[in-house]
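Read on for two forms of one protein chain; each stands alone as C-alpha cells, with the labels structure 1 and structure 2.
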Structure 1
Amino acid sequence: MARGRQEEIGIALLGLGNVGLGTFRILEAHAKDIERRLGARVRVLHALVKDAQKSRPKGLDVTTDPEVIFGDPAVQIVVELIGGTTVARELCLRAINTGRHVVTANKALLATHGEELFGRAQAAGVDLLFEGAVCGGIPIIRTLREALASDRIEAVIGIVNGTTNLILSAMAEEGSTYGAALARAQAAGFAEADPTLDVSGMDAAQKLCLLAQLAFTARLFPAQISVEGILGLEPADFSLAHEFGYVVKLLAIARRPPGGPLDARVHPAFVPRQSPLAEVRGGFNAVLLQSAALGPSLFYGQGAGAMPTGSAVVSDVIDACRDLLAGVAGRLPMLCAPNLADVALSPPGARQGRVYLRFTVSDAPGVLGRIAGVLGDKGVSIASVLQRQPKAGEPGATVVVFTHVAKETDVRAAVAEVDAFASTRAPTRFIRIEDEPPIGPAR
C-alpha cells in the first residue's frame, strides 16, 4: 500500500452494528478536528454488512461483498467490528496480507487467534490495533503499551464487564434477585438475550488475557484462567457483605510477584467499601494497576456502548493514519513471539487469602461447633462468625464465617466435608475476600 504524505486516507468498516455506527458517527461528527490533528482527511469508503436493505446513514456505501473492499486500493485501513472468531479472523488475515492496517474491538478474536494475527501483522509490516477490545472507551491498552512502558507492572485488578457490574449493582442496591436484575438489564438493552458469556465470567477472562499479555508479556489463553461467574450469588450475600463493610464485584485479577508464577483468575469477590473499585457502579468499568515506579493508578469510565467503544476505535484509526502518513508501522511490539513467552501459572487453589463462607444448616445444637472443628482441622482460622435462625421459607439456619488468611485448597477441603454433613441443607457459598487491592505506595 502507498505510504507517505497524502490528503485523504480511506477506511472500510467490517460490520455496522452499534459499535460500527458509533465509529462512523464519531468520524463524521469530528471530521474537521481529526483532519486538523492529522493534516489529512479520513473517509469511510465502504461498510461491509449482512443486509444492505436496512436503513443506513446517508452517504455511506454499504456492501455485502468483501471483494468491493479488498478490490479498492484506496482502502488503507480495515476496521473489524463483526465479532466472532471465524469470519472476522479470515477478513483480518486478508486485510493484513494485502498490506492494510487493521483496527479491531474483538477481544474474543484476539484471545483465541491473537498470536497468529499479530505475527502476520508483524511480518507484513502493518499495524494491528485493539484499544476498543477491553473496557470500551477507557484507554487501558494504550496506557499499558505506551504510558507505562518504562515501568514494571506488578498487578492488574479490574471490573471489566459492564453487564455483570450492572446486575451486581442492582442486587446490592435494590435487593434484587439475580433473575430479576438480569431481566431488567436485558429489557434496557444492557444484556444480551443469551448472557452466558458475560455472567459466566468468560468475557472478563478474554479481556484479562489481553491485559496480562500487555502487563507481563505472558502468553495466556482463557482456558488457562480460573473462572467463576455470578450465577450462584443470592441477595443474602449482598446484605451480609454490606453488613460487614464490603461490596460484591466480579473481578479480573492478574498478579505476578518477582520470580513467582502468574496468578490469573476471574471470580466474584468481597471488596472493602473504602476501595475505589467498590464505587464502580452500573455499566462502568475500572482497572487498578500497581507498578513498581508509579505505584497505584486507577482507570475508570464507560466500559461498553456504541460511542465509548467507538471513541476507542477511532483513536486507533487515528494512530494508524499517523503511521501511514509517517511511512512507518510496528512502532509498538506485537503480542506474539518473541514478545510473548510461556510463563508458570499459579495452580488453582494456591491462593492465600481471606474467604467468606455462608453455611445453610439445621437449626440444631452442636452444628456450629462441628463446622468450627472441621475448619480448625484443616488449618483454617476463623476471624469472625455469625449465626442466624431460619426465617419462614428458608431451608435452614445461616452460619457465616469470615476466615483469616488461609490456603484456598484447605478452605475448599473443609467446605466439602461440611457439605457432606446430614445437617447441611444447601451447598456452602464460598466467596473470596480481596482485602488488599494494589493501592499501596510506590517504592
Structure 2
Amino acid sequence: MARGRQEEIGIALLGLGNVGLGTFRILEAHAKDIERRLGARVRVLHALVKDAQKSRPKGLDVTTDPEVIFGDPAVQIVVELIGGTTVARELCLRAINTGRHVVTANKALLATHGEELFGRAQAAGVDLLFEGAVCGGIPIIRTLREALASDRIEAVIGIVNGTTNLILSAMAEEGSTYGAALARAQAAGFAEADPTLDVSGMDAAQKLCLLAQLAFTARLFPAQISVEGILGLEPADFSLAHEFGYVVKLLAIARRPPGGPLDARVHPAFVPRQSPLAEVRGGFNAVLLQSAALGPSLFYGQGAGAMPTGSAVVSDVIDACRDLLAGVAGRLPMLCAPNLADVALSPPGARQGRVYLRFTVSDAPGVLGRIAGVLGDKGVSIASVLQRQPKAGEPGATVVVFTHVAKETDVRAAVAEVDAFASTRAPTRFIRIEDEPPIGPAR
C-alpha cells in the first residue's frame, strides 16, 4: 500500500448508521480544514451498508459487498462502525491483515477481542485507533495515551454512559418515568441497539476496562469487575438523595493505590451535590482523573450521539492519515502484551466507604432499634437516620440510614440479617456514597 507523501487518502466506512453518518458529515463539512491541517485530502471511497436501497448522502458510493472495499487498493484506512463483536471482528482483522489502518468506535469489540486485535495490528505494523469508543467526543483516550503518558494515574472515575445519565437526570430533575426517559435517550441516538447494555451498566464496564487498561496498563475484562446497573433505583432514592445533598449517578470507577490491588467497579452512587460530577447532566459524560503529578483533572463533553462520536472518529482518521503521510505506524501504545499485564484486583466487598441504606419495614415498636442493633453488631456505625410513616399504597415505613465509613462486606451482612426479619417489607436498597476526593471536596 502506498505510504509517504500523497495528495489524497482513501478511506472506507463499514456501517452507515448514526455514527457512520455523523462521521461522513464531519468529513464533508470540515473537508477544507482537515486538508489544511493534514496537507492531504481525505476521501470516503466506499461505505459498507446492509441495505443499498436506503436513501444515502449524495456522492457516497455504498455497497453491501466487503470485497468492493478490500479489493480496492486505494482504501488505506478502514473505519469500523458496524458494532457487535462478530462481523466487526472479522472485518477489522481483514483490514489489519491487508495492511490497512483501522479506526473503530466499538467498545464491545475491544473489550472482548481487544488483545487479539491490538496484537495483530502491532504485528502487521498498522494503527488501531478507538477514541470514539469511550465517552463520545471527549478526547479521553488521547489524554491517557498521550497527554498524561508522563504521569502516574491513581484513579479514573467517570460518568461514561450517556443513556443512563440522561435517564437519571430526567428521573431526578423532571420526575420523568424510566420508560419515557429511555425513549428520549433512544430518540437522541445515545442508546445501544440493545439498551440492556446501557441500563445494566455493561456498556460503562466495557468503557471502564479500556480506560483502566490505558491508565494502569492492566489487562482487564468486564467479567472481572463488579457491575450494577440503574434498574433497581426508585423515585424515593432520588428524592432522599436530593434531601440529603446528593445526586444519583452511575459511576465507573478504577482506583489503584501505590502497590495495592486495582479496585474497578460500575454502580449507581450518591455523589455530593458540590462535586463536579453532580453537574454532569443528560447525555453528557465526564471523566475525573487523579494523577500523581497533575492532581485532579476533569474531562467533560457530549458522550454519545452522531456528531460528538463522529468527531472522535474523524480525529482518529486524521491521526491515521498523519501516520500514513509520515510513513510510520504504532506510535501509540497498543492495548496488548507487552504493554498490558495481569494485576491483582480488589475482591468484591473489600470497599471501605459510606453507604445509604433504605429499609422498608413495619411501623412497630422495636424495629428501628433492631436495625441499629444489627448494624452495630457488624461494626457499622450510623452517621444519620430518618424514619418516615408509610404513605398510602406503600408497603411499610421507610427507615433511611447513612453510615460512616464501613467495610462493604459488614454492611451487606447486616442488610442480609435485617432483610430476613418478619418486620422487613421489601428488600433493602443499598447505594454507595462516593464522596472521597477527587469526587468530593478535598479534605
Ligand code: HSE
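Here the rigid core means the biggest group of C-alpha atoms that line up within 1.5 Å when the two forms are laid on top of each other. Please note that residue numbering is based on structure 1, beginning with 1 at the start of its sequence. These figures come from a predicted structure and were not determined experimentally.
Chemist: Can you spot the form predicted alone among structures 1 and 2?
Modeler: Pick structure 1; the other is not the form predicted alone.
Chemist: Verify the C-alpha shift of residue 182 between structures 1 and 2: is it 2 Å or more after superposing the core?
Modeler: After core superposition, the C-alpha of residue 182 moves 2 Å or more between structures 1 and 2.
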